[in-house]
Structure formats: structure tokens, C-alpha cells
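A lone chain, given as C-alpha cells: the form predicted on its own.
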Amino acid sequence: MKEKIIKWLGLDQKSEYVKNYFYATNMRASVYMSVVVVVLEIWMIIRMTNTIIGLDPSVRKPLSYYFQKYYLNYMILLSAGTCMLIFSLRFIKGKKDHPQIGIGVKWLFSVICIYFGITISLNDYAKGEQILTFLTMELFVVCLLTWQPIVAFLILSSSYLYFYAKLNTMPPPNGELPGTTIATNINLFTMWLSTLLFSFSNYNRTLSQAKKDENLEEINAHLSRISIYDELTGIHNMVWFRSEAEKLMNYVITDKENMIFLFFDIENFKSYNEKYGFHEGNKLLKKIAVMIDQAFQGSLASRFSDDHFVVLTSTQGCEQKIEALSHEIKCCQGEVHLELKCGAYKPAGNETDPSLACDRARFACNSIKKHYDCVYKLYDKSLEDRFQLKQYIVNHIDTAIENGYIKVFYQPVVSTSDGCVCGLEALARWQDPNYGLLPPGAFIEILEEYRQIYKLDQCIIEQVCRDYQNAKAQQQPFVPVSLNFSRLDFELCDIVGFVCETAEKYHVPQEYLDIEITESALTDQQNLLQNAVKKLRSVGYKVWLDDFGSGYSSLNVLKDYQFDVLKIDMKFLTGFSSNEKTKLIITNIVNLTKQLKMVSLTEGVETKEQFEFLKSIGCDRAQGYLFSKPVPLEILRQKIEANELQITEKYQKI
């Protein structure tokens, strides 16, 4: 209740913006008010002078009488109005210093106006005239200017009571006894109440508008800030960086030969988030942002995205600053090993595109990931060639698919029981007119990075189904084909739906298509992938776990998912002859698959010794260069015709 009363009286705490808004409103109102007062007083002085001159000399009183009774009041009010006009105009023109003086002038002007109104109206009342001057000045002061409710109440009440007290002691002009009439009392009270309510309304209206404008100012300030500042770290964002970097690189005085773009990546930051949570991760990110901003003070620095930052700076002392930053970040790492990686790019000639420069610096940074002995890498010719290929792949994947440059190569999977081909793995190759035959390592990761991999996988699915249809039409043998799915396939498109629709389009039975999912893909988006695996198996497709043993959560994956085939990573066969542990581990994995009712398949088989060992321990299938490297379907058929490979009897006819 107390707070409501304080607020109603206008005594509550107000922001600086609201205080300044009231001050500005009163200064603007004072311009009109003071102009009217100045003009009226000049007119009153001229009128009074003409009246005095026109009087008969016999009736004319001494000049001192007129000065004391009229001129003095006119001149005081004229002076106050002039001062108020000068100060308010000064404010309007943008000179907003000395606000306390402005408030003092406003108070002085208001008091003089009311006093003038009382004095002139008392004189008029004594002559039987109306008290309009008093009422006018009350309206001027309390209704044109904005006051706190308590202040307006005090001004009105004190001035009305004083005026009433003076009137009440004066004899009325009609010769009656001294004192105001009932009508005068009622009129005065009505006028007091009206002006008081109007002043309250004026205050609340101004306060409401002030708060509304303050909110708009805050919103605009926030929008302005986030347009150039990163919301999380507080340093500049990429919108500002690109704009300022382009300006800087185009300045005539900029020493472009000694300017360098830096791209920073905090390696293993994802693990830090997983270990300590996103709140602590964000705190560290802010700290690192400040470190980078301070290390390159006077340069352009901003947050690129996630745990990535970019800087445009001078080459002088650059590497020493990077080394110092790397040491500082290691001191913040806690139990998670963090590494600062920095890629750099020096623009050549008249290059001024910050986006391209940052992309090249980023490419250089990515080239040293997982190289724990390397912190800094400058973009060079070898990286330029790789970068150009990367750009080419991203820009031409659609063209390659349309023009048939994407080819399917098949690698046989053989049964250890009879050595016959019981399956094929479909692998993508890019036969480019400019670069020639591109291996998967040249484009798979790039397409995943730019989230275009689903286009490639859909193209492979389509070609495999078409190959089955052609084989059936020509009455040629065909074995089940395994298709590799990327984790991003499940995020970027309905890959399960696409397989089902394409298989139906080409009349491919489910038993001729198997789905391979890499073990590392299953660590992210667990619910999404679990549901996808269940759906694939429910409609009749076999699902393989690819690269088993290459990650860190193999047993968890076997526990959480249901697979039909376990594909043992080729790394297990490395050092097969020299490391006895290899045979022991593979034997136990094969035994585990039998217990889980899964088919075991080992890839990377290159020698007969390896194959015989796998056969002896009961591994169901094998794949590797011992049988064939990935080749086009035509070459595979040639090998079958030449009896280099034999197809399992079950699939010799389709």
C-alpha cells in the first residue's frame, strides 16, 4: 500500500531516461509558454504606456505610481519569460548541459507567473473586473508544464489559498461587506480541482509515454548491440567483422602486405561441455573470447561460431601472441585436454573479401586438427590446391549427379564356408572430367562438412537399385548389396523413406539391400538413430554395424541397438602376424557375435593366412583386397566370368 501511495504521489524512483524525458518535455513546453508571456508583456507595456499618455494631465498620477503598480510586474515577468525562452531554445538546439540551472529557471519562471497572476487579478478584482489573469497563469504553470502530483498539489493549493486569503480581506466593488461570495468560493474550488486533476492526468500521460519510449530505446539499443556484438561472449560478431575488415583492407593507408587473417578453433571443446555442462562451457568461451580480444588489442577480433574466432591483425608478433594464447588456454582446461589451433591466411594482391579469407584460414586450421604438436598453420600452395578442390566439390556435387559422374564401385563380400561371393558393398567414386577419378577420401568428409552428403547417398541408392533391375532384365546373377549411410542422412532427409520408395520403384526385394551404419555415427542423435534402425528392420532390411572397434563405445552400441551383421574394423588385422593379441581379440569378438545371434564379417583381409584364420575361428564373412578391390559392376562380372570369383549358389539366379 505504501508503495502505491508513493507511486501515486510521483515520489517513486525513476530511471535517468524518464527524468530526462520529463525535463525535455518541460523545456519544449517552456518555449511556447515563454513566447506567449514575452509577447503579452510587451503588448501590456505598450498598451499601458499609450493609456497613460492618453490620460488628462489633471488626472494622471506620478510615473512612480504606474511603475510600482504595473510596469514593475510587467518587466519582472518579461525578464523571467525572456530567460526561460533563452534557456529552453538553447536546450532545443542541443545544448543540454547544466540541467540543474534549467530546473531552477523553470521554478523561478513558474513562481513569477503565479505571483504576477495573483497581483494583477487582485487589482482587477478591486476595480470590479474578472480574475482571468490568475486563472490563466495557473493554467500556464500547472497544465503546460508537467509536475509530480505532490508538487502540482502543493503549487495549486498554496497559490489558491493565498489568492483566496487576499480576496477574502478585500471589500467587493459593489460596496458589500469584505469577503468572497459563495459563487466566488465555488468557482475557485472548481477551478482548483479541475487544474489539479488535469495536472495529474498530464503527469501520468507523460510518464506512460516516457516509459514506452524508454522500452523502445532499450529494444533499439539491444538490436543495435546484437547486430554488431556476439550475444554470448560480448565481443564483436561476424557481421561487424566482415564490414570493418573490408573497409580496412580497402583503406589506402593499410599495409596490406603485413595484414593476416587468423582463424582460431578450441580443439576438444565439445568434450569440455560434456564433462562440465554447457553453463561452464559458456563461461570458458567468454573467458577465451576476452583473452583473444585482449591479445590482439587494436586489431579486428570477433566470434565466428561455436568455439571458433577470427582476427584480422598485423603479422608483426603474431605467432608469439598465438603461442601465449595457447599456453593461457591450457591453464584453463581442468581435466579435459584443450588445444588451441590457429589457421592463418595472408591476402595476396588486391584481395579484400573477408569471407573468403576467413574460409581459407579456417581450412588451414582444420588441416592441423589432431596434430597435437602443431598450433599454427599458414595457408600455402598445397592447401590452396586442396581448398580449390574442396570448393569445386561443394559447388559441383549437383552437376556431378546430374551428369552421371558419380559411379558405384562394388567390393565383394565372401562367405568363409565356401569362398563364394555372398554380398557386395556399394562404394562411391567421382569420375570428374577435370580431376579424374576421385577416391571417397577426397569428397566424403567435405560433403558431410557442408551437409550435402545425403545427395550422394541417395544417388548411390538409386544406381544400386537400377543395377538390380538391369541384372534381372538381362537374367544375370545379383547378390545383396550393402549401402553406407551417414549420420547426416537421418538428419537432413527421410533416408529410410527414400530407400523404401526407390526399392519399390525398381522392384528390389528387401533381401537384396542391406544398410551399413558406422559405429561412430551412433554416438550422436541416439533416439533418432535407434528409431531409424528399428524402422529399417521392421520393413525387412538387414542393418549392419560398420567399423566395429574403431570407436570408444562399441559394447554400449551392441547393448543399445539390434544389428544383423557386425563388421569388424580392418585395423584389427594390422600386425596380424606379429601381434598375438590380434588373433585373441578377433576370436572373442566373433564368439560374441554368435552369442548375440549376429553374422560376423571382417574387412581388410589381404592374405590367405588371414582368411584361413577367420575361417578357423568361425567368422562368417570376409572382405578385402585378397578377393578384389572396389571395381565397377562390369569388371566384377568379368572376374566372375573368368572364374576369379564365384557367386554363392543361392544368388546365381534372381
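In this text, all values refer to a predicted model and were calculated from it rather than measured experimentally. Note that residue numbering begins at 1 and tracks the sequence as displayed.
Quick note: we don't show the form predicted in complex with a small molecule, though the next part is all about it.
Colleague: Quick check: do Lys7, Leu156 and Phe198 each get a heavy atom within 4.5 Å of the small molecule in the model of the complex?
Modeller: Looking in the model of the complex, the three residues Lys7, Leu156 and Phe198 all stay beyond 4.5 Å of the small molecule (heavy atoms).
Colleague: Hey, in the model of the complex, is Val605 touching the small molecule, heavy atoms inside 4.5 Å?
Modeller: So Val605 counts as contacting the small molecule.
Colleague: Applying a 4.5 Å heavy atom distance criterion, does Ile460 contact the small molecule in the model of the complex?
Modeller: Ile460 belongs to the contact set for the small molecule.
Colleague: Does the 4.5 Å heavy atom contact test between Gly281 and the small molecule in the model of the complex come out positive?
Modeller: Residue-level check for Gly281: no, no contact with the small molecule.
Colleague: Using a 4.5 angstroms cut-off on non-hydrogen atoms, would Asp547 count as touching the small molecule in the model of the complex?
Modeller: Heavy-atom contact with the small molecule at 4.5 Å: present for Asp547.
Colleague: With the small molecule left out of view, which of Tyr345, Phe134, Phe109, Phe485 would have a heavy atom within 4.5 Å of it in the model of the complex?
Modeller: It is Phe485 that has a heavy atom within 4.5 Å of the partner.
Colleague: Would you mind picking the one in Leu456, Cys113, Leu529, Ile266 that has a heavy atom within 4.5 Å of the small molecule in the model of the complex?
Modeller: Exactly one residue meets the criterion: Leu456.
Colleague: Out of the stretches listed (496-504, 324-332, 439-447, 297-305), which one is close to the small molecule in the model of the complex, meaning heavy atoms within 4.5 Å?
Modeller: Flagged stretch: 439-447.
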